[in-house]
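Below you'll find only one chain, the form predicted on its own, shown as structure tokens.
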Amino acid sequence: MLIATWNVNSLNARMEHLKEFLKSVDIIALQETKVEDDKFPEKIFNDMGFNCVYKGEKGYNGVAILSKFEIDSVERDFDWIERGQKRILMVEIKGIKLLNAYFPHGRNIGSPYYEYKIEFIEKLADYLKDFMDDRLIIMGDFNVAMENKDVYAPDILQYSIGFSERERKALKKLYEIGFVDIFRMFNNEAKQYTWWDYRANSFKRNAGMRIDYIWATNKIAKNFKNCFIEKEMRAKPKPSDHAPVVAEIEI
């Protein structure tokens, strides 16, 4: 079974790319859909054989999970973490809990948006620590690169949003409650990124950051067979600024 996470940076803008990509996966977690629930194109995905759960808002944020398998349960209420924004969904599929999260960007270090981001990560860690004995996978756009090898210029970017010390420490604490970084199970090389700025020819220069993840608890991590970044989707005309992360899992 192939599962994926992808920040599409507008579902409507990336629909044709997504329909093409869906031919090769069984479950996908989408972030930054930017679509209100009453306008979510569920029928398009149903016709392709996918069940859908989603929550969104006009022009901002928004998450969705599409699955070729039956979705056995859905949890949408994470408002004590999200504070009115649409950023987290959790489902259960074939006995596996899947949490899709779109972490806040934070805008500027020290701003109220930055404090919201740190609080978001801390509250999510507090919530998830009770699931470490479960078959749990969390995936999404975490908007933080955790290690030096996850960014193209660590010495410079340590003073920038997405790689500042407090963000990295907060994400590391979340990770250390008991997760395995599935991509790093199969690839320890540097310069492996999932996001590239639209500006300054960043993609062609490979000046990026690895901020999109698939993490799993030990109880399910052993079932993964591969994980890779699908850079072809970032190379297309009018792409999202993120590439999907794809993992193969045996269930």
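The first residue of the sequence shown is number 1, and the count goes up from there. Worth saying up front: this structure is predicted, and the values here are computed from it rather than measured.
The following text describes the form predicted in complex with the DNA, which does not appear among the structures shown.
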Exactly one of R166, K172, R83, R107 comes within 4.5 Å of the DNA in the predicted bound form through a heavy atom, and that residue is R107
The DNA: the contacting residue among K58, K225, K204, K191 in the predicted bound form [heavy atom, 4.5 Å]
K58
Residue-level contact is defined here as any heavy atom of the residue lying within 4.5 Å of the DNA in the predicted bound form; does K23 satisfy this criterion?
no
Y102: heavy atom within 4.5 Å of the DNA in the predicted bound form?
yes
Closest heavy atom of K43 to the DNA in the predicted bound form, within 4.5 Å or not?
no
May I ask you to check whether D212 falls inside a 4.5 Å heavy atom distance of the DNA in the predicted bound form?
no
In the predicted bound form, which of 58-66, 217-225, 43-51, 178-186 comes within 4.5 Å of the DNA (heavy atoms)?
58-66
Pick out the residues of 185-202 whose heavy atoms come within 4.5 Å of the DNA in the predicted bound form.
Y198, R199, A200
